[in-house]
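The chain that follows stands alone, in the form predicted alone, written as structure tokens.
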Amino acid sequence: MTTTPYRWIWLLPVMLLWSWPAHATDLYRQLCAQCHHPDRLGAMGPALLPENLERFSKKAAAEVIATGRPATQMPGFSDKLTEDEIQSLVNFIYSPRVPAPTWDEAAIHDSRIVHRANDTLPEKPVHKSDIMNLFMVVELGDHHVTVFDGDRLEPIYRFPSRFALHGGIKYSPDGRFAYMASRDGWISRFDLYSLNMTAEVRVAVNTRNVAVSGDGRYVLAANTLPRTLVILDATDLSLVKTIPVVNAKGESARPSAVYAAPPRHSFIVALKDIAEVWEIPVPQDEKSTEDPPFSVRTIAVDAVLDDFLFNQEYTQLIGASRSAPAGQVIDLNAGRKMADIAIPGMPHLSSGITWPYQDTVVMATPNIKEGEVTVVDMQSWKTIKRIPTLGPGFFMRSHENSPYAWVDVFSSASKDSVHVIDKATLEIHKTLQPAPGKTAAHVEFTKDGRYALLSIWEMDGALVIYDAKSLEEVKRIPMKKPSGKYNVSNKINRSAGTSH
């Protein structure tokens, strides 16, 4: 039973948990438990809990139960269930489980799968593609990942992924290994030399995202169920340490995001329920065989951070909150707020980018609630331009070698359009409409900035490749709802034009 986005209202009275008809639990046991686990934790099929289904709608869930899901083993049950029975199942899987499920260190250890041992991996790539100009393209439509050659502009390999990959794909510092996180808590390590999955481990029931330390030795997964940070050995995904997300006052929180800060030799974690940012230093003694301490440094902030990005030096963190009217600039060295930023609505800062502008450096961010791109001077922290767009957007991308910044209007009625902004004039240079009536989103550049790759975010979607200078379409490759695409070189070199 595969489902699809809905945001659970956690303040729902607990008494409602007992209102689901016993018939729904019986139906679940009979039809769903074998693939999705008796406790809805996921098995062959994904976990069916509100935390794991927050991106999916109840209406779409009912459709999947009735008709099944293409390219999976999920059958349709319209011939066995009435509409009322289907709706009761939907209500059941969107209800919190009481008590909340747990996932301890023993479960993490037991879940680990070694697909291919490191000593069996080749010393050189088995293909002729430049590792640095490869992309990993996540196809959400049928849960696959395509390895794409940015020189030849062709796919070279495609493989099935865990259900609902999210949080961005991260790479080892040499670009050889890709690390992926699924909403169901699975962390996967893929070798771009041999084009093989090497290891997987389940670190939680629900995972927010994953980061790889700047030295490539550790992977940190931020989890919302249970509320933990799990540190893995990057070479084999074996467990190193689990850190409960509990502050000095004993308050528990969900992590909203985790990113590596390579120049700082640390991980940075923002918390969703407590107004704190955590910095976790990465041990630098490579010869130590003891369990690394990974002590937590706490930085108090004015409001919880739902989203953030760094300056290129990783000395400052720029964050935004749904509950605060302004963004915050945090000095990571001093451990305190240094400025407020006037940004309306809800800026999508993790998709923000920076570039040199006149005698300063600016930060630009799309906005999830407002139809604009906000451009901020990173010296004075004053807004210097608000660029009107056709509607709220989600992704913004550029490249050091490109004069343009691309931004979609993903969350608007004009979602089939993409704006190309001139970075010198801060004006919209051109508006593209790659596939009228279909969602266009998420641009990423080849390592040299020559081509821009854009997603048609539909089941019958495509990867559309543009000449990044002339803005002319070069090629179009059909794909199943391609979402993120991540260039190895741009990621590991921390390009100012993409997310890190």
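Please read all numbers here as calculations on a predicted model, not as lab measurements. Residue indices: 1-based, along the sequence shown.
There is another form of this protein, the form predicted together with a small molecule, and it is not shown here; the text below is about that form.
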query: Non-hydrogen atom within 4.5 Å of the small molecule in the model of the complex for each of 135, 354 and 449; finding: no
query: Location of the small molecule contact in the model of the complex, chosen stretch of 415 to 423, 238 to 246, 84 to 92, 393 to 401 [non-hydrogen atom, 4.5 Å]; finding: 393 to 401
query: Of 109, 322, 297, 80, the one that lies within 4.5 Å of the small molecule in the model of the complex (heavy atoms); finding: 322
query: Interface residue in the model of the complex among 318, 405, 257, 205, criterion: non-hydrogen atom within 4.5 angstroms of the small molecule; finding: 257
query: Non-hydrogen atom contact residue 214 with the small molecule in the model of the complex at 4.5 angstroms; finding: no
query: 4.5 angstroms heavy atom contact with the small molecule in the model of the complex for residue 495; finding: no
query: Residue 228, heavy atom within 4.5 angstroms of the small molecule in the model of the complex; finding: no
query: 4.5 angstroms heavy atom contact with the small molecule in the model of the complex for residue 129; finding: no
